[in-house]
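In the block that follows, a single chain appears as structure tokens, in the form predicted alone.
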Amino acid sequence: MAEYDVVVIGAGHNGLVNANYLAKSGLKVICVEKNQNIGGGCSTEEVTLPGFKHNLHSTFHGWLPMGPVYKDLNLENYVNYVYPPANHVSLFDNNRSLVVYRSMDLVCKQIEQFSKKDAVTYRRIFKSYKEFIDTVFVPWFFSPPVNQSDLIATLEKSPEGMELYQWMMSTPMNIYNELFESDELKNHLMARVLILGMPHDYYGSGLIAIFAIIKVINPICVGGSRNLAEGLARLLKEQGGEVINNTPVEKIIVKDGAAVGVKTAGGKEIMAKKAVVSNIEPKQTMLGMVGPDKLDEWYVSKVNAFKPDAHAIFGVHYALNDAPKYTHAEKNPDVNMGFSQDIFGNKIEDFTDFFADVRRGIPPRKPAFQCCAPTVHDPTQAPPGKHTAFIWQPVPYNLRGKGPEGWADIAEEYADYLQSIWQEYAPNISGSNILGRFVHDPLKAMEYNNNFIGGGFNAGDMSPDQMGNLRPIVNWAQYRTPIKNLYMCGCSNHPGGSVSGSPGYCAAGIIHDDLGIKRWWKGLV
């Protein structure tokens, strides 16, 4: 029987971040992963042909450099990032496009082709609220959730804050209709909101609409997203910690109301003298590994009520001879150099029709997908001279009348349909240019990583009733659980999905406080 100070369940990036912060304080830590490969959502697999590396979940890690984790753990010594010169590109009818750069002047010049008034408004919003995002929103994102009344009190101190408060209570669609007149700009920004995991019409989620204007950095992990997890694992081992894979945790051992270790599917017990930390969503952690018999009825009901993502992701991954070449580049050559090319229709109202299908359990027949060829910016993800690319299309997880199992019957046909749409914009996605294709439908996504409940990527819907100090369970949003010494550190906790390390980071701070260990890091606030 092995014994450690802390056992972390799940070697996704948040579990590894959490383990590193604890290990650096001198605790003996082990990270236990059920799969052959570590990384969780930071997955990179050769699913088409040997040498072609495909990121099945996360591709860009925009939050990571913004927060404390990258600096605290000196991750520049363990993982490299490349920053595309152009970020998101929206493709519209008649070869019109909108390219977003890191330069505000260049972005506004792009917007002016659709509306000079919108370019002025866009610049004003960016200038007025960039400081707020940096000084209030980012620290909020990398801190345990505060009471909403505290956040509102901060906003009430200025006219700009009150405007943000009004927007926070609204929907992304309402905000963009209020601010802008150009359908193209509104559509482009709404695509950003959707890619961040939010539908267009959630009241109380409006702040994400402002964030989508200001956040324009999309670094790509060199060599594939799993390299972040591998770097974190190397760092953990250097600090005396351990990582074991192919070891599913079957049970969290609870004695006298406290977590004291875990039992693996193979029957091995790994004991924890100080804490057990789960990087797995609450239903599997609390109902599966702990068991409802050890929890009160109210808490069990709340865990059962935890909602999966509002939509799943349907991915189609390609091994290519040549990178996608877009006809839109004839007018704007930078289209081909964007981090991603988005095909989301031409009007913001298209999102209403799109989500109507998703909510009815129908695979949408309106295009609303993100295309990306990481190898344009990071050639190491494919053999020399070759490329990888993918489509991400939001879809329902449960197909009407068939459930998720229905995807097995229609996935290839639906991939053909999306590919045919893509070919209208990038004609070379065809014939001998395609060396291999892998369809990653929601059913396969859940089989690969069942932490992403409902086939999404946030481990739980990011609706306002499951955010902040309500995530994942009301009154239990501080990474603690009703079981003493049992903590949660995954993206089913505040602040939600994305590759930021924030849940793992915040949970580490709470664990330090509970154990009476002084934090070695400074923090943002």
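Note that the coordinates shown come from a computational prediction; the quantities given were computed from them, not determined experimentally. In case it trips you up, residue 1 is the first one in the sequence shown, and so on.
Although it is not shown, the form predicted together with a small molecule is what the next lines describe.
Residue P248 is the only one of P383, G204, P248, G361 with a heavy atom lying within 4.5 Å of the small molecule in the predicted complex. Of the listed positions (W392, F132, Y122, F306), a single one reaches within 4.5 angstroms of the small molecule by any non-hydrogen atom in the predicted complex, namely W392. Remark: of stretches 66 to 74, 22 to 30, 472 to 480, 40 to 48, the one touching the small molecule in the predicted complex is 40 to 48 (heavy atom within 4.5 Å). Heavy atoms of every residue among S58, I280 and F452 are located within 4.5 Å of the small molecule in the predicted complex. Using a 4.5 Å cutoff between non-hydrogen atoms, M289 counts as a contact of the small molecule in the predicted complex. Mapping the unseen interface onto this chain, M467 falls outside it, with no heavy atom inside 4.5 Å of the small molecule in the predicted complex.
Contact annotation for G497: at least one heavy atom lies within 4.5 Å of the small molecule in the predicted complex. Contact check for I511: no non-hydrogen atom falls within 4.5 Å of the small molecule in the predicted complex.
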